[in-house]
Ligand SMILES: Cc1cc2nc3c(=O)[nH]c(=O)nc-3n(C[C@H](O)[C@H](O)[C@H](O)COP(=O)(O)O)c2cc1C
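The chain below stands alone and is given in structure tokens; this is the form predicted on its own.
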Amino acid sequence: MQPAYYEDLKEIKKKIWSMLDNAVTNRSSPFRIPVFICGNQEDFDGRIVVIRKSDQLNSLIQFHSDIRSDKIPKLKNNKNASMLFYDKEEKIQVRLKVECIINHNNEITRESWSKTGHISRKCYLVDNGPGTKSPTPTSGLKSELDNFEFTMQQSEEGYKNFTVVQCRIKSIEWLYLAAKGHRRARFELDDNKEYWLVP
């Protein structure tokens, strides 16, 4: 028996957003860690990010980053990016075309930072930015921080490096792999168009 979303565009959209919403709180969701690709024709790059918010009403998803990360200047040069999600069990692939907004030291980052736990804040306490060359293997942290021996108050120092990247979704492409026959569809959010594609 095929799922409700097999040949129903409305059900497909429901399924996609339920998987994105679930990824925010479910650490074992494959949709929690998509590949994020940004840059331009001369220099584009992909990496794994962690989905922190899903907002269907505003066609938005977001993740956290360090302001010193090399993806930030790439996004400042070109705000357009793409995201790739795949769930092996569900046999569903989702590709998003997004427009990115970099938030740093504003209301959006303050709200997200207040919800960021002690352990997660450790990432933003490194002395040098992600990707900085090092003569030795390192976490980038001072030894006292490396062992979680820091207070929540001390972790506030990391806020200056904390960034929230909001991704406004422009289009969604969905692929479902099925023995009976694959199905593929595209949703253009800017002009509210949707249509089937050959898988």
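Please read these numbers as outputs of a predicted model, since none were measured by experiment. The first residue of the sequence shown is number 1, and the count goes up from there.
We do not show the form predicted together with the ligand, though everything after this point is about it.
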{"query": "Interface membership of N161, the ligand in the predicted complex, 4.5 Å heavy atom rule", "finding": "no"}
{"query": "Close approach of E173 to the ligand in the predicted complex, 4.5 Å, heavy atom", "finding": "no"}
{"query": "Exercise: I48 in contact with the ligand in the predicted complex, heavy atom 4.5 Å", "finding": "yes"}
{"query": "In the predicted complex, I33 touching the ligand (heavy atom, 4.5 Å)", "finding": "yes"}
{"query": "Contact segment among 86-94, 113-121, 69-77, 100-108, judged by heavy atoms lying within 4.5 Å of the ligand in the predicted complex", "finding": "69-77"}
